[in-house]
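To begin, one chain is listed below as structure tokens, in the form predicted alone.
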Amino acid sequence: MMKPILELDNVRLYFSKGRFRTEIIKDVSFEAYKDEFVSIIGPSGCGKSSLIRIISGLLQSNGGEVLYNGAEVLSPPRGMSLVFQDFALLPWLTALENVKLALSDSNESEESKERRCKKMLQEVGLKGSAEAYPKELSGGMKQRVGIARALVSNPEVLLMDEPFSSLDAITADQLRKETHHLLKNKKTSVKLVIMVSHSIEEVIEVSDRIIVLDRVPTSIIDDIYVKMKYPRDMRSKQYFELASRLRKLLHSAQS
């Protein structure tokens, strides 16, 4: 029997201020396996971004546990990388230098790091942009730098927090296709993708599974396995039925 790469067991999160406590995540449990593209969708403010930060080890939960290959995640583990919504590039560093940040704790030589980072920039479509600063790049190019930074350390798990929401429709569509290809391309290190999204169309396009969250305090209200062949036909009956199901779930969660 295949073992999960990632396990969430009764994960909870709350914030306290004096005598008052605000519960954000009530109870989230699921497992994710090799070759899965899992999307997490839910109402605005339901704790999606907090959840993916807990998975990444950047935020500690108040209860439950996250296991990565059987080991509890208490800090960012080797083997996981996170792509942020707002690019998270340092404006005083070039594209190459921003990617090299992911290798800051590596023992390899500076020459080796530079070769790897230049190759990764080339692979995400940024050949010739290594010395450009973030202010000189378009939104799509900035996110490609973010993706290159996430991939250069050869992660097994790629986490993505609404990575395409600030991009124009054409650029977002192209990057979604490229990200999906990463998981299905056996030559890459990525074995599992977990993506937070607010877009029904987006999650149907790329996901093997769609986890739907309730409003705060959040828990899982559905875990849907998408049986449609890839690439997805947006005009098919299956597509419309799944989109309708997700809209009803999200509407119910918001009401």
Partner chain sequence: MDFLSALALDLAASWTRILVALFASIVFGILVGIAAATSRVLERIILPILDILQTIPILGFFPIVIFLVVSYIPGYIGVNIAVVFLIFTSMSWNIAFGVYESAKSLPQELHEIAALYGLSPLRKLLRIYIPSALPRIAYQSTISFSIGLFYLATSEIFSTGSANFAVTYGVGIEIARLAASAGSFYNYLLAIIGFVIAVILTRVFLLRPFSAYSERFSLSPNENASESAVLGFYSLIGKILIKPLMSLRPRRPKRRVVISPRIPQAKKPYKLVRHKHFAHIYALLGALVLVLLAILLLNTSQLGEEIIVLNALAASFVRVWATYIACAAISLPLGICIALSKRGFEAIMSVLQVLSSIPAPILMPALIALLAGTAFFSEALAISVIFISMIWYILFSMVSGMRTIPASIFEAARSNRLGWVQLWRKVYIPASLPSFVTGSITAVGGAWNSLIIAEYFTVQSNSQMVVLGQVGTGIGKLIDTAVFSGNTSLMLLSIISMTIMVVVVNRLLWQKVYNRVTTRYRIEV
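This is a predicted model, so every value here is computed, not measured. Numbering follows the first chain given and starts at 1.
Although not depicted, the form predicted together with the partner chain is the subject of the following passage.
Find the only residue in L89, C117, V73, M160 having a heavy atom within 4.5 Å of the partner chain in the model of the complex. Residue within 4.5 Å of the partner: L89.
Identify which of A102, A130, A172, M141 has a heavy atom within 4.5 Å of the partner chain in the model of the complex; exactly one of them does. Checking each option against the partner chain in the model of the complex, the one that comes within 4.5 Å is A102.
Residues in which of 181-189, 120-128, 162-170, 104-112 have heavy atoms within 4.5 Å of the partner chain in the model of the complex? The contacting stretch is 104-112.
Please check if K177 has a heavy atom lying within 4.5 Å of any heavy atom of the partner chain in the model of the complex. Contact with the partner chain, no.
Mark L58 yes when one of its heavy atoms lies within 4.5 Å of a heavy atom of the partner chain in the model of the complex, and no otherwise. Yes, L58 lies within 4.5 Å of the partner chain in the model of the complex.
In the model of the complex, does R53 come within 4.5 Å of the partner chain, counting heavy atoms only? Yes, contact at 4.5 Å.
Would you check, heavy atoms only and a 4.5 Å threshold, whether L96 touches the partner chain in the model of the complex? Result no; L96 lies far from the partner chain in the model of the complex.
Contact set, 123-153 vs the partner chain in the model of the complex - heavy atom within 4.5 angstroms: Residues within 4.5 Å: Y133, K135, R149.
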